[in-house]
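First comes one chain, alone, set out as C-alpha coordinates in the form predicted alone.
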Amino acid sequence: MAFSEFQPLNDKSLVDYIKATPSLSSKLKDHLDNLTVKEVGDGNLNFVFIVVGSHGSFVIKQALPYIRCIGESWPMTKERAYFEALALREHGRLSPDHVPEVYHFDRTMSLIGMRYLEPPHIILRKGLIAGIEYPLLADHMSDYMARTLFHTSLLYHNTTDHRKAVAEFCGNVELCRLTEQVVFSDPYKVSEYNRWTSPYLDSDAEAVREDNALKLEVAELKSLFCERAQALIHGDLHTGSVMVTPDSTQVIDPEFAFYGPIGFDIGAFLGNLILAFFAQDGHADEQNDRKAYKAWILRIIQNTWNLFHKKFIALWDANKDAGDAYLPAIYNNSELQQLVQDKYIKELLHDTLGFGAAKMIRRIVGVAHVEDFESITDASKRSGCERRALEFAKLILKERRKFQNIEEVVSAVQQIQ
(Lines give C-alpha, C1' and ligand atoms only; values in the text may rest on other atoms or scores of the structure.)
Protein backbone atom coordinates (compact mmCIF):
# COMPACT_ATOMS: atom_id res chain seq x y z
CA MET A 1 0.00 0.00 0.00
CA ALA A 2 1.37 3.43 -0.99
CA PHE A 3 1.27 6.32 1.45
CA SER A 4 2.19 9.15 -0.90
CA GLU A 5 -1.01 11.07 -0.11
CA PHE A 6 -2.78 11.74 3.19
CA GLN A 7 -5.23 9.12 4.36
CA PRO A 8 -6.66 8.52 7.82
CA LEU A 9 -5.23 5.29 9.19
CA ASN A 10 -7.05 2.47 10.94
CA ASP A 11 -5.81 -0.60 12.82
CA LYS A 12 -5.12 -2.56 9.60
CA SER A 13 -3.65 0.17 7.41
CA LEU A 14 -1.39 1.33 10.24
CA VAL A 15 0.30 -2.09 10.29
CA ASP A 16 0.95 -1.74 6.54
CA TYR A 17 2.37 1.73 7.17
CA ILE A 18 4.72 0.42 9.88
CA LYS A 19 5.97 -2.33 7.59
CA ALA A 20 6.82 0.31 4.97
CA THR A 21 8.58 2.63 7.45
CA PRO A 22 12.04 1.50 8.67
CA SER A 23 12.26 4.10 11.48
CA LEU A 24 9.18 2.47 13.02
CA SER A 25 9.66 -1.18 12.14
CA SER A 26 13.20 -1.06 13.57
CA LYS A 27 11.75 -0.03 16.94
CA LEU A 28 9.95 -3.39 16.91
CA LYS A 29 13.19 -5.17 15.89
CA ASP A 30 11.34 -5.97 12.62
CA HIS A 31 9.17 -8.51 14.44
CA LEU A 32 5.91 -7.39 12.85
CA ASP A 33 3.73 -10.45 13.25
CA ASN A 34 0.96 -10.38 15.87
CA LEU A 35 1.17 -6.66 16.56
CA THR A 36 -1.44 -5.29 18.95
CA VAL A 37 -2.90 -1.98 17.71
CA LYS A 38 -5.37 -0.05 19.85
CA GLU A 39 -6.90 3.36 19.06
CA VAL A 40 -7.11 5.30 22.34
CA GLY A 41 -7.60 8.91 21.28
CA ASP A 42 -10.01 10.44 23.77
CA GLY A 43 -9.05 14.04 23.03
CA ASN A 44 -10.70 16.60 20.82
CA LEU A 45 -8.55 16.53 17.70
CA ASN A 46 -6.59 13.39 16.72
CA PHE A 47 -6.28 9.65 16.24
CA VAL A 48 -3.90 8.05 18.77
CA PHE A 49 -2.81 4.42 18.34
CA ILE A 50 -0.80 2.30 20.79
CA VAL A 51 1.30 -0.26 18.93
CA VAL A 52 2.79 -3.15 20.93
CA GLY A 53 4.88 -5.99 19.55
CA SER A 54 6.93 -8.76 21.06
CA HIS A 55 10.14 -6.70 20.78
CA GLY A 56 9.03 -3.10 21.26
CA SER A 57 6.26 -0.53 21.32
CA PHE A 58 5.42 3.05 20.37
CA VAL A 59 2.54 5.48 19.93
CA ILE A 60 1.32 6.79 16.58
CA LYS A 61 -0.54 10.10 16.57
CA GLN A 62 -2.24 11.27 13.39
CA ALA A 63 -3.82 14.69 12.88
CA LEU A 64 -7.16 14.78 11.08
CA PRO A 65 -8.30 17.61 8.78
CA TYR A 66 -11.10 18.53 11.21
CA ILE A 67 -11.80 18.76 14.94
CA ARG A 68 -12.57 15.20 15.94
CA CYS A 69 -14.93 16.00 18.82
CA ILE A 70 -17.12 18.15 16.52
CA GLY A 71 -16.71 16.53 13.12
CA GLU A 72 -16.05 17.61 9.57
CA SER A 73 -18.22 20.70 10.01
CA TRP A 74 -15.24 22.33 11.81
CA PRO A 75 -12.21 21.93 9.50
CA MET A 76 -8.73 22.09 11.02
CA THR A 77 -5.32 22.04 9.35
CA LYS A 78 -3.34 18.80 9.43
CA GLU A 79 -0.16 20.91 9.55
CA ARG A 80 -0.53 21.08 13.32
CA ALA A 81 1.29 17.72 13.41
CA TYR A 82 4.38 19.40 11.94
CA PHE A 83 4.47 22.00 14.70
CA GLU A 84 3.81 19.36 17.35
CA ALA A 85 6.78 17.32 16.11
CA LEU A 86 8.99 20.44 16.08
CA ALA A 87 7.96 21.35 19.62
CA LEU A 88 8.38 17.81 20.94
CA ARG A 89 11.91 17.69 19.57
CA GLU A 90 12.89 21.15 20.84
CA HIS A 91 11.31 20.72 24.27
CA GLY A 92 12.70 17.19 24.41
CA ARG A 93 16.20 18.54 23.78
CA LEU A 94 15.78 21.05 26.60
CA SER A 95 13.94 18.79 29.06
CA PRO A 96 14.65 15.18 28.01
CA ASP A 97 13.47 13.68 31.30
CA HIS A 98 9.95 15.03 30.83
CA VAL A 99 9.19 14.82 27.09
CA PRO A 100 8.70 11.52 25.18
CA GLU A 101 11.20 10.87 22.40
CA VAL A 102 10.05 11.30 18.78
CA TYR A 103 11.00 8.32 16.57
CA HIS A 104 9.40 9.35 13.29
CA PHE A 105 7.53 12.19 11.58
CA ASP A 106 5.70 12.06 8.25
CA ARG A 107 4.47 15.46 7.10
CA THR A 108 2.38 14.05 4.23
CA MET A 109 0.52 11.70 6.55
CA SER A 110 0.45 14.25 9.42
CA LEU A 111 1.78 11.48 11.63
CA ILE A 112 4.16 11.28 14.57
CA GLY A 113 5.69 8.10 16.02
CA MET A 114 6.95 8.46 19.57
CA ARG A 115 7.76 6.64 22.79
CA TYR A 116 4.88 4.73 24.34
CA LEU A 117 4.44 5.82 27.95
CA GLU A 118 3.56 2.41 29.24
CA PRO A 119 1.47 1.65 32.35
CA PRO A 120 1.39 2.65 35.11
CA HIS A 121 1.57 6.06 33.34
CA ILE A 122 -1.87 7.66 33.30
CA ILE A 123 -3.20 11.09 32.33
CA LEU A 124 -2.67 13.42 35.28
CA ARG A 125 -6.27 14.63 35.15
CA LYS A 126 -7.50 11.08 35.74
CA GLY A 127 -5.12 10.72 38.67
CA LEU A 128 -6.44 13.95 40.19
CA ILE A 129 -10.01 12.70 39.86
CA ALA A 130 -9.01 9.45 41.55
CA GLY A 131 -7.33 11.35 44.41
CA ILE A 132 -3.79 10.06 43.77
CA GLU A 133 -0.84 12.04 45.14
CA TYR A 134 2.28 12.47 42.99
CA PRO A 135 5.20 13.44 45.22
CA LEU A 136 7.47 14.66 42.40
CA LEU A 137 4.86 16.50 40.32
CA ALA A 138 5.75 20.06 41.38
CA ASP A 139 9.48 19.41 41.04
CA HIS A 140 9.13 17.83 37.60
CA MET A 141 6.68 20.34 36.12
CA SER A 142 8.60 23.33 37.43
CA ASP A 143 11.75 21.87 35.90
CA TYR A 144 10.09 21.29 32.53
CA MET A 145 8.61 24.78 32.43
CA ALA A 146 11.76 26.56 33.62
CA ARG A 147 14.01 24.80 31.11
CA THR A 148 11.77 25.02 28.05
CA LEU A 149 10.59 28.58 28.65
CA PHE A 150 13.92 30.11 29.68
CA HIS A 151 15.98 28.57 26.89
CA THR A 152 13.57 29.67 24.15
CA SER A 153 13.28 33.27 25.39
CA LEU A 154 15.42 36.35 24.75
CA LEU A 155 16.96 35.79 28.16
CA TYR A 156 18.91 33.04 26.36
CA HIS A 157 18.42 33.68 22.61
CA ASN A 158 19.96 36.47 20.59
CA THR A 159 17.39 38.45 18.62
CA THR A 160 18.42 36.96 15.24
CA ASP A 161 17.89 33.35 16.35
CA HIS A 162 14.75 34.30 18.23
CA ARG A 163 13.13 35.92 15.20
CA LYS A 164 13.96 32.89 13.05
CA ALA A 165 12.32 30.59 15.58
CA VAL A 166 9.30 32.88 15.93
CA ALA A 167 8.89 32.94 12.14
CA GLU A 168 8.98 29.13 11.95
CA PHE A 169 6.15 28.73 14.44
CA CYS A 170 4.08 31.59 13.02
CA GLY A 171 2.75 28.99 10.60
CA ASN A 172 0.72 27.38 13.39
CA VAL A 173 -1.87 30.10 12.90
CA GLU A 174 -5.00 27.93 12.82
CA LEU A 175 -4.32 26.44 16.26
CA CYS A 176 -3.61 29.91 17.62
CA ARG A 177 -6.88 31.18 16.14
CA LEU A 178 -8.71 28.24 17.73
CA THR A 179 -7.30 29.27 21.12
CA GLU A 180 -8.25 32.88 20.50
CA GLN A 181 -11.80 31.78 19.76
CA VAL A 182 -12.43 29.26 22.53
CA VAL A 183 -10.46 30.97 25.33
CA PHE A 184 -10.76 34.70 24.68
CA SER A 185 -13.94 35.11 22.60
CA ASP A 186 -16.69 32.48 22.76
CA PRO A 187 -17.27 32.45 26.55
CA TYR A 188 -17.99 36.20 26.48
CA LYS A 189 -20.68 36.14 23.78
CA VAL A 190 -23.52 33.97 22.56
CA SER A 191 -21.92 31.11 20.62
CA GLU A 192 -23.37 27.92 19.19
CA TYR A 193 -20.41 26.03 20.67
CA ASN A 194 -20.79 27.18 24.28
CA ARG A 195 -22.36 24.90 26.84
CA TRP A 196 -22.65 24.71 30.61
CA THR A 197 -24.50 22.76 33.28
CA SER A 198 -28.00 24.03 32.48
CA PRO A 199 -30.26 25.19 33.99
CA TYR A 200 -28.13 25.53 37.12
CA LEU A 201 -25.51 27.82 35.54
CA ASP A 202 -27.73 29.71 33.09
CA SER A 203 -27.51 32.95 35.05
CA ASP A 204 -23.77 32.45 35.69
CA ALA A 205 -23.06 32.09 31.97
CA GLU A 206 -25.13 35.18 31.23
CA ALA A 207 -23.24 37.10 33.94
CA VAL A 208 -19.95 36.29 32.21
CA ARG A 209 -21.34 37.63 28.92
CA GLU A 210 -22.55 40.83 30.60
CA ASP A 211 -19.46 41.60 32.72
CA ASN A 212 -17.80 44.67 31.19
CA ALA A 213 -14.86 44.68 33.60
CA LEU A 214 -14.16 41.02 32.80
CA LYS A 215 -14.25 41.74 29.07
CA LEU A 216 -11.71 44.55 29.41
CA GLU A 217 -9.28 42.22 31.15
CA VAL A 218 -9.83 39.43 28.63
CA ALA A 219 -9.15 41.85 25.77
CA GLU A 220 -5.79 42.68 27.34
CA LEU A 221 -4.92 39.00 27.71
CA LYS A 222 -5.94 38.26 24.11
CA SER A 223 -3.69 41.07 22.93
CA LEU A 224 -0.81 39.64 24.96
CA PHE A 225 -1.46 36.15 23.59
CA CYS A 226 -1.48 37.38 19.99
CA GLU A 227 1.37 39.88 20.16
CA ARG A 228 4.01 38.73 22.64
CA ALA A 229 6.46 36.18 21.20
CA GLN A 230 8.18 35.61 24.55
CA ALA A 231 9.16 31.91 24.35
CA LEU A 232 8.25 28.61 22.68
CA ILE A 233 5.21 27.64 24.71
CA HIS A 234 3.41 24.30 24.73
CA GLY A 235 0.17 26.17 24.12
CA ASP A 236 -2.21 23.69 25.78
CA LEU A 237 -0.50 22.69 29.02
CA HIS A 238 -3.47 21.42 31.00
CA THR A 239 -3.59 18.34 33.23
CA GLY A 240 -4.76 16.26 30.26
CA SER A 241 -1.44 16.98 28.51
CA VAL A 242 0.65 15.42 31.27
CA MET A 243 1.16 11.70 31.94
CA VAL A 244 2.39 10.59 35.34
CA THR A 245 3.46 7.85 37.68
CA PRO A 246 4.67 8.48 41.23
CA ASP A 247 8.21 8.97 39.88
CA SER A 248 7.73 10.04 36.24
CA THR A 249 6.16 13.13 34.66
CA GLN A 250 5.86 13.38 30.86
CA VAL A 251 4.44 16.33 28.90
CA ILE A 252 2.63 15.39 25.67
CA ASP A 253 0.48 16.93 22.91
CA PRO A 254 2.17 20.30 22.15
CA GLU A 255 0.29 20.73 18.85
CA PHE A 256 -0.73 24.26 19.89
CA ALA A 257 2.93 25.25 20.29
CA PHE A 258 4.09 28.69 19.14
CA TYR A 259 6.13 31.61 20.41
CA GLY A 260 3.81 33.26 22.91
CA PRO A 261 3.60 34.59 26.47
CA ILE A 262 5.32 32.44 29.10
CA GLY A 263 2.45 32.94 31.54
CA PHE A 264 0.05 31.14 29.20
CA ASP A 265 1.74 27.78 29.85
CA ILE A 266 2.17 28.26 33.58
CA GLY A 267 -1.35 29.63 33.91
CA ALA A 268 -2.86 26.72 31.98
CA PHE A 269 -1.23 24.19 34.29
CA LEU A 270 -1.99 25.99 37.56
CA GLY A 271 -5.51 26.94 36.42
CA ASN A 272 -6.32 23.30 35.71
CA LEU A 273 -5.00 22.31 39.13
CA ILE A 274 -7.37 24.88 40.63
CA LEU A 275 -10.23 23.35 38.63
CA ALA A 276 -9.23 19.98 40.10
CA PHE A 277 -9.31 21.52 43.57
CA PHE A 278 -12.86 22.81 43.15
CA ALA A 279 -14.01 19.50 41.64
CA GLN A 280 -12.94 17.48 44.68
CA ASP A 281 -16.13 18.16 46.66
CA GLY A 282 -18.03 16.47 43.84
CA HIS A 283 -15.90 13.33 44.21
CA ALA A 284 -16.04 13.18 48.01
CA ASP A 285 -17.97 10.35 49.68
CA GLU A 286 -18.49 8.88 53.12
CA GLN A 287 -15.16 7.07 52.99
CA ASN A 288 -13.12 10.08 51.84
CA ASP A 289 -14.14 13.72 52.24
CA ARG A 290 -11.18 14.73 49.99
CA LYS A 291 -10.13 17.50 52.40
CA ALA A 292 -6.59 16.16 52.74
CA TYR A 293 -6.35 15.80 48.98
CA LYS A 294 -7.55 19.37 48.44
CA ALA A 295 -4.79 20.54 50.76
CA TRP A 296 -2.28 18.49 48.72
CA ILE A 297 -3.43 20.14 45.47
CA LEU A 298 -2.93 23.58 47.02
CA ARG A 299 0.59 22.60 48.09
CA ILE A 300 1.32 21.45 44.53
CA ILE A 301 0.12 24.79 43.14
CA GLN A 302 2.27 26.72 45.62
CA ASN A 303 5.33 24.50 45.20
CA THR A 304 5.11 24.45 41.40
CA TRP A 305 5.22 28.24 41.16
CA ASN A 306 7.87 28.70 43.84
CA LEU A 307 10.12 25.99 42.39
CA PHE A 308 9.64 27.39 38.88
CA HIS A 309 10.61 30.85 40.16
CA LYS A 310 13.72 29.49 41.84
CA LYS A 311 14.83 27.40 38.84
CA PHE A 312 14.07 30.08 36.26
CA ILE A 313 16.13 32.66 38.16
CA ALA A 314 18.95 30.13 38.62
CA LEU A 315 19.06 29.58 34.84
CA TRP A 316 19.02 33.35 34.32
CA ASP A 317 21.89 33.85 36.78
CA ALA A 318 23.90 31.09 35.12
CA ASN A 319 23.39 32.58 31.64
CA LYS A 320 23.58 36.32 32.26
CA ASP A 321 25.75 36.89 29.17
CA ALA A 322 23.73 34.67 26.83
CA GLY A 323 20.62 36.54 25.70
CA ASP A 324 19.89 39.90 24.12
CA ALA A 325 17.09 40.93 26.48
CA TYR A 326 19.32 42.55 29.12
CA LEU A 327 22.78 43.32 27.75
CA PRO A 328 25.54 43.05 30.39
CA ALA A 329 27.04 46.37 29.29
CA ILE A 330 23.83 48.11 30.39
CA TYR A 331 22.58 45.93 33.25
CA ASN A 332 26.00 45.93 34.82
CA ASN A 333 25.48 45.84 38.57
CA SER A 334 23.84 43.41 40.96
CA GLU A 335 21.29 45.93 42.27
CA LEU A 336 19.96 46.65 38.79
CA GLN A 337 19.95 42.95 37.87
CA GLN A 338 17.89 42.20 40.96
CA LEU A 339 15.39 44.96 40.07
CA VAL A 340 15.06 43.54 36.55
CA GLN A 341 14.46 40.00 37.80
CA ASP A 342 11.97 41.09 40.45
CA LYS A 343 9.96 43.09 37.89
CA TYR A 344 10.04 40.24 35.37
CA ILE A 345 8.78 37.65 37.86
CA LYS A 346 6.09 39.96 39.28
CA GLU A 347 4.71 40.62 35.80
CA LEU A 348 4.95 36.92 34.98
CA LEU A 349 2.92 36.01 38.07
CA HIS A 350 0.18 38.43 37.01
CA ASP A 351 0.22 37.08 33.44
CA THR A 352 0.03 33.54 34.82
CA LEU A 353 -2.98 34.37 36.98
CA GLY A 354 -4.79 36.10 34.14
CA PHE A 355 -4.28 33.33 31.63
CA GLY A 356 -5.03 30.66 34.23
CA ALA A 357 -8.32 32.34 35.08
CA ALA A 358 -9.28 32.66 31.39
CA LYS A 359 -8.58 28.97 30.89
CA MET A 360 -10.76 28.12 33.88
CA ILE A 361 -13.70 30.19 32.64
CA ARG A 362 -13.66 28.62 29.19
CA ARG A 363 -13.75 25.12 30.73
CA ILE A 364 -17.00 25.96 32.55
CA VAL A 365 -19.04 28.02 30.05
CA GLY A 366 -17.20 27.34 26.75
CA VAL A 367 -17.02 24.52 24.21
CA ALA A 368 -14.62 21.96 25.75
CA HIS A 369 -15.08 21.05 29.40
CA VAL A 370 -12.94 18.99 31.79
CA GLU A 371 -13.47 15.48 33.10
CA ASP A 372 -12.82 16.73 36.65
CA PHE A 373 -16.33 18.26 36.57
CA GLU A 374 -17.96 16.17 33.84
CA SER A 375 -17.43 12.95 35.80
CA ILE A 376 -19.57 14.30 38.68
CA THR A 377 -22.88 12.67 37.76
CA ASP A 378 -25.11 14.73 40.07
CA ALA A 379 -25.75 17.90 38.01
CA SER A 380 -26.69 19.95 41.06
CA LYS A 381 -23.51 18.98 42.87
CA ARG A 382 -21.43 19.46 39.71
CA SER A 383 -22.82 22.94 39.10
CA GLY A 384 -22.00 23.95 42.67
CA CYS A 385 -18.36 22.96 42.16
CA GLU A 386 -18.26 24.77 38.81
CA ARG A 387 -19.85 27.91 40.24
CA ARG A 388 -17.18 28.18 42.96
CA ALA A 389 -14.43 27.72 40.37
CA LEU A 390 -16.05 30.32 38.11
CA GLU A 391 -16.38 32.78 40.99
CA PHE A 392 -12.69 32.41 41.81
CA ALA A 393 -11.63 32.71 38.16
CA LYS A 394 -13.58 35.94 37.67
CA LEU A 395 -12.09 37.38 40.87
CA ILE A 396 -8.53 36.48 39.95
CA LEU A 397 -8.88 37.69 36.37
CA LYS A 398 -10.06 41.14 37.44
CA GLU A 399 -7.83 41.55 40.48
CA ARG A 400 -4.68 39.62 39.54
CA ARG A 401 -2.37 42.63 39.90
CA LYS A 402 -3.15 42.82 43.63
CA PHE A 403 -1.43 39.50 44.30
CA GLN A 404 2.23 39.66 45.26
CA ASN A 405 2.98 35.95 45.63
CA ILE A 406 1.47 32.52 45.15
CA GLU A 407 0.68 32.16 48.86
CA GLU A 408 -1.85 34.99 48.54
CA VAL A 409 -3.43 33.19 45.58
CA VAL A 410 -3.76 29.95 47.52
CA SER A 411 -5.34 31.87 50.38
CA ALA A 412 -7.86 33.37 47.95
CA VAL A 413 -8.75 29.87 46.70
CA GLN A 414 -9.46 28.81 50.27
CA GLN A 415 -11.79 31.78 50.80
CA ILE A 416 -14.24 30.54 48.16
CA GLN A 417 -16.92 28.43 49.84
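Position 1 is the first residue in the sequence shown; the rest follow in order. The structure presented is a predicted model; accordingly, all values stated were derived computationally and were not measured.
What comes next is about the form predicted in complex with a further copy of the same chain, which does not appear here.
Proximity of 33, 97 and 144 to a further copy of the same chain in the model of the complex is absent: no residue of the three has a non-hydrogen atom within 4.5 angstroms. Taking the partner from elsewhere, residue 302 is found to have every heavy atom lying beyond 4.5 Å of a further copy of the same chain in the model of the complex. Under a 4.5 angstroms non-hydrogen atom cutoff, a further copy of the same chain in the model of the complex has residue 166 among its neighbouring residues. Residue contact with a further copy of the same chain in the model of the complex: residue 215 places a heavy atom within 4.5 Å of it.
a further copy of the same chain is not shown here, but in the model of the complex it comes within 4.5 Å of a heavy atom of residue 331. Here the chain stands by itself, but in the model of the complex one stretch of 112-120, 97-105, 125-133, 229-237, 229-237, has heavy atoms within 4.5 Å of a further copy of the same chain. Checked against a further copy of the same chain in the model of the complex, the residues 346, 195, 222, 320 give one hit for a heavy atom within 4.5 Å, which is 222. For the options 248, 306, 288, 158, the residue carrying a heavy atom within 4.5 angstroms of a further copy of the same chain in the model of the complex is 158.
Along 166-185, residues 166, 167, 170, 173, 176, 177, 180, 184, 185 each place a heavy atom within 4.5 Å of a further copy of the same chain in the model of the complex.
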